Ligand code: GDP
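The data below hold one chain only, encoded as C-alpha cells and taken in the form predicted on its own.
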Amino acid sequence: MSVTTIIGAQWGDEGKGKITDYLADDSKVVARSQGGNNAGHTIVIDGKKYKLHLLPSGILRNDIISIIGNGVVVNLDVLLKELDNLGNERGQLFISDRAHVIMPYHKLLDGGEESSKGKSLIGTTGNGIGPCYSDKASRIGIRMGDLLDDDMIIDRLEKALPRNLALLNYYGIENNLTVDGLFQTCREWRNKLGDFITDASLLVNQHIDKGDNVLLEGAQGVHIDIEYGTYPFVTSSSPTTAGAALGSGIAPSKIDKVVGVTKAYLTRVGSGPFPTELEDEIGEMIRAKGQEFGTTTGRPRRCGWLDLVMLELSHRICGFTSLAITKLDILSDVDEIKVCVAYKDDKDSEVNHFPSSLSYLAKCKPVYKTFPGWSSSDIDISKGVIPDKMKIFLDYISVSLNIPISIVSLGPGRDETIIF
C-alpha cells in the first residue's frame, strides 16, 4: 500500500496529467485535491487526445475510482460536459460533499474583478475560481452536500446572493439572477449528479486502510500557491503536499511518496516576473514545438530555461521524494541547453533562494550553467535508452536538488515514458 502525491513543481502545466495517468496503472483510487476548471490536463492514449479540466486523470481507466476532493471548487456544467464527452470510457466517479460549487455569479464576478485591476491583471482564466474560494473563506459558499437538501439550498442562496449581487452591481455587471432561478439550477444539478456525492474523505481513508494504492492529483503548481507563489499572481488554493492532504481529507502522515513534476524547461501563463524567460527564437521554438498553449484558455505560454532556484523552494515546502521530468523531447536537437543555478540582483549579489518580493525578483538576472544538447536519434524509449548528454543534464538536476529522478517523459503518450 502507498499513498503517492503528484505535485506541479513550477507554475503549472508541467505534465501532471500524463504522470498521474501513467502511475494510476498501479492505483485503486485517484483523488483530485484542489483547484477547479482553471486547470487543464492533456492526456494522449493510443494517439487519442483527452483534455480534462475537472475530472481526475485516473478517470480514463475503467478499473480506477476517481474522486473530486473537498479542496476542489466544482463548475457542475463543465463537469457534466466532460462526463458526456467521455461516455462509457471512464471509471467510477465520486464527489466530496464538502467541495464547493461554482455558481453563475462567481463566473460573472471573475471577469469584473479582473478587469478592475487595470495593468495589474492576475491572468485569471475567468472561470469563477477566485470568487468561489472567496465565498468559501467568507463562510457563505454552497457545498455539494447542500444540493441534496432543498431547505439548505434556499438557506445558502439567501445568504450568498445579496452579497454577490452587491458586488456585481459595484462592477456594473448586469444580470437577472434570483434565488428562485438559482434554486432550480441547483435542483437540476442534483438530479444529474446527486448519486456521485459522498463523504470523500471517509471513502479515501477506507481504501487506504484496506491497503489499496491511492494517488493524489494536484492542479497548477507550487509557484502559484496562495502562500508561497509569486503573490499576487497566484491561484486561490494550495497546490502543495500539505494542500493535497487537506484537499483530499487524509492525514499528511499517510503520504508515502511525493512526486514533483517539472518540465525540462519552464513556462508561465499570465503576468509576473520570470527571470529565465526567453523572448527570442529559442523561446518561440519551445512554444511551437512543445505546443505551449493553455489547455483551458488557449493562451500562449511564456517560455524560458529551467530554474533550479524555483525548484529548491518547491522541494523545501513539498518534500519531494522523487522528480518526474517531462518534455525532454522538446529540447532534443538544440545545440545548447541552459539551466538557471542562481540569480544576481541589481547589486551583483548572488541569490540562491527564491525571494518573496516580486519587486526584488524583477531585478534578478539568471546565472546559467550550459549543457551540450543531445540528438533525438540517440533516444530509444522501447529499450529505455537515453543519450549520455541527456543523462548528464538529468544527473546535474538530481544532484543539485538532492532528489532522485524516477520518471522521464519523452512525449505525450503513455508509452513515451521511461522509469528510472
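Start at 1 with the first residue shown and count on from there. Nothing here was measured: the structure is a model prediction, and the numbers come from that model.
Another form exists, predicted together with the ligand; not displayed. Remarks below refer to it.
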| item | value |
| --- | --- |
| Selected contact from D212, E277, D329, E82, since only one has a non-hydrogen atom within 4.5 angstroms of the ligand in the predicted complex | D329 |
| Single option in R156, H100, H106, R301 placed near the ligand in the predicted complex, where near means a heavy atom within 4.5 Å | R301 |
| Close approach of L394 to the ligand in the predicted complex, 4.5 Å, heavy atom | no |
| Close approach of D13 to the ligand in the predicted complex, 4.5 Å, heavy atom | yes |
| Distance check, T295 to the ligand in the predicted complex, heavy atom within 4.5 Å | yes |
| 4.5 Å heavy atom contact, L410 to the ligand in the predicted complex | yes |
| Residue stretch of 168 to 176, 321 to 329, 134 to 142, 195 to 203 approaching the ligand in the predicted complex, non-hydrogen atom distance within 4.5 Å | 321 to 329 |
